[in-house]
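Only one chain comes next, encoded as structure tokens, the form predicted on its own.
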Amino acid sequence: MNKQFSHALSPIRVNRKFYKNRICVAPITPHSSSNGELYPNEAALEYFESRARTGAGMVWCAGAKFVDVFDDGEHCTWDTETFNHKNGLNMLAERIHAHGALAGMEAHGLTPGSWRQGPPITCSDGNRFMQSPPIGQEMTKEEIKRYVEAEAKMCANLQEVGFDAILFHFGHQIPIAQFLSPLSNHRTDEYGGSLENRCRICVEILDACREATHGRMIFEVRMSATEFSEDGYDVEEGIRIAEILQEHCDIIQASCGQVTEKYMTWTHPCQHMEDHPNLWLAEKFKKSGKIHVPVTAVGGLESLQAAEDAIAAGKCDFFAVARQLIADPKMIKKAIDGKADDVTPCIKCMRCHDSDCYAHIFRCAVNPTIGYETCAEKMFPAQPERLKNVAVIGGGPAGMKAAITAFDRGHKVTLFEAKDYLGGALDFSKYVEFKYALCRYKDFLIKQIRKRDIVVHMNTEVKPADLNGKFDAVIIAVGAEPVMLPVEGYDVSNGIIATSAYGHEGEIGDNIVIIGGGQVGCETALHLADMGKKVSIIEMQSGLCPEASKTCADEIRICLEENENFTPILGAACKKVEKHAVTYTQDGQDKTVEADTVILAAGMKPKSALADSFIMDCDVPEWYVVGDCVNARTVEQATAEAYNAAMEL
């Protein structure tokens, strides 16, 4: 057994099943892998097999449904009943087992609307269905009986095809979890009222499933240890719920919150929360003296060392990880090999979640191969046809990723950076407390550059002619510059560019107006408001952060709404900028707001002319343009373009 990680990597038996270590891959539902098949397709099979290759002891899958299996055009709806649909599920379990991991399936606890006409079925009338309006219709006792029987049949079918475990999702205010909470359970029958009554349906599900599987599957319950909501339950009542449920399962997973805009950031800890911020809930369960089954912690784990420290301290028995193993599937193996510094850090941007749930291809901001598991090796040759001398122009995230990837492919790489530091557009993150994860990624890229024999020229504004006859290829990553609106007075004589505010907060007045309510403007506003400055944003659109990824945008908006130092001015067109005032038009009227400092945050535009000069005026036969100089880019887009360009060489 590994001595450095003797707790996190220690094996354990649960219900006669052997875990090779205490790290579990938390489930995701591969929405964007599904084309409507009622079984795992190759994209889903390969993704979950890749999770087993991480070295984790348990891989939790998601996608199996029960009762009426239907295709809603969005979710995976894997059928566990039909004989030939089970084939894919059997293959899924076998491919996970091939890498020494246990195969588990999450039972979502969602009640399909296809049971009957009308609103989705929930615990009580008027409840929300995930983030829907309050439209739920109370589940009848007959439907409860049918639901329990169907889930038991599903578990038996999953056992038949080789699955070892079921993760019962009784958390986050999804419909079955609503029975547990006084916030949502308003029933007057034996399923409502007392705590025992509110737990009744979960107990019935667990007991029926245990009987159907003859007690030979691991049962883990994911529950919200606290809902945070004033009308929901707190951690003390969460412990009492866990006390009841533990008599019917093998492991309790202490998650938290609700799947709503306000509490989603707790359920899936984002950038405004520290590393593993929900660990204290598992610790509360463990140290209550009332929970005798193993406890799993979940949410925002950043390293194997963090899992080791938590388990060694008796705060949890298992740690469930999703995003960090998406950012770097080799996290465990690198740590074991003494290369923890080489683990690509998750930046907690929730792009994996949002791209999978709200878009059409699963992506990761810092791992460009996620979503391409079935074809990544076919897209680019295993080795370059010949090794080249490559120039990379620009030391921002795109330039650094391109340089690292090209070097690792065997090419000779020279990086040119005009400033005296690397990091480019990410440099601001070192000044912002809630951008610590992004700063960690920036620093990671810089360290990776320095660990390689990449020639770096700082303070060097290289010209196209400087490259002639010296390089076989050039990757152009020269970045972007601020958009200057065609508005009277909108220039640096009257205001400062948003990126210039960072590191100079002491020189900025206490009353600030920011022009532009995109992600840059909003994060600048939040940063300054957190410092105690009074901040207003003038934004032409009706909402803030319209271009940001959904979960990230929700988080930023909620943080701003809850900050007493912030005032939004929406649906407002900037008309005139002065040194200490901004005039805007709103609802057909001109209005003026005064300020000590005006910050200009109308967006960024690519340095197209500079990028083009390295194409038109440079005698280098092969070139690629990546990052912000293509268009204003996210980290995800810049990373993917840089990786692809370097792999094409």
Ligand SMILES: Cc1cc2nc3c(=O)[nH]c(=O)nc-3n(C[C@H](O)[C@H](O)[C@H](O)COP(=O)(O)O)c2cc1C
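Throughout, we count residues from 1 along the sequence that is shown. Superpose the two forms; the largest set of C-alphas matching within 1.5 Å is the rigid core. This is a predicted model, so every value here is computed, not measured.
FYI, the form predicted together with the ligand isn't displayed, but the following is about it.
Handout entry: Whether Arg222, Pro269 and Arg323 all lie within 4.5 angstroms of the ligand in the predicted complex by heavy atom
Key = Every residue of the spot touches the ligand in the predicted complex.
Problem - Proximity to the ligand in the predicted complex (heavy atom, within 4.5 Å), stretch among 491-499, 472-480, 511-519, 350-358 - result: Contact criterion met by 350-358 only.
Practice task
Determine whether any heavy atom of Ile28 comes within 4.5 Å of a heavy atom of the ligand in the predicted complex, and answer yes or no.
Solution key: Judged by the heavy-atom cut-off of 4.5 Å, Ile28 is in contact with the ligand in the predicted complex.
Practice task
Answer for Gly395 alone: is it within 4.5 Å of the ligand in the predicted complex, judged on heavy atom distances?
Solution key: It does not: once the ligand is placed as it appears in the predicted complex, Gly395 has no heavy atom within 4.5 Å of it.
Problem - 4.5 angstroms heavy atom contact with the ligand in the predicted complex for Phe129 - result: Looking in the predicted complex, residue contacts with the ligand do not include Phe129, since no heavy atom lies within 4.5 Å.
Exercise for the section: Please run the contact check for Gly399 against the ligand in the predicted complex: heavy atoms, 4.5 angstroms, yes or no? Expected result: No, no contact at 4.5 Å.
Exercise for the section: Could you work out which of Arg187, His85, His169, Arg557 is the residue within 4.5 angstroms of the ligand in the predicted complex, going by heavy atoms? Expected result: It is His169.
Practice task
Identify which of Gly300, Gly136, Gly371, Pro568 has a heavy atom within 4.5 Å of the ligand in the predicted complex; exactly one of them does.
Solution key: Contact with the ligand in the predicted complex is made by Gly300 alone.
Problem - Residue shift check between the shown form and the other one, rigid core fit, Ser32 Cα at least 2 Å - result: Moves: yes, 2 Å or greater.
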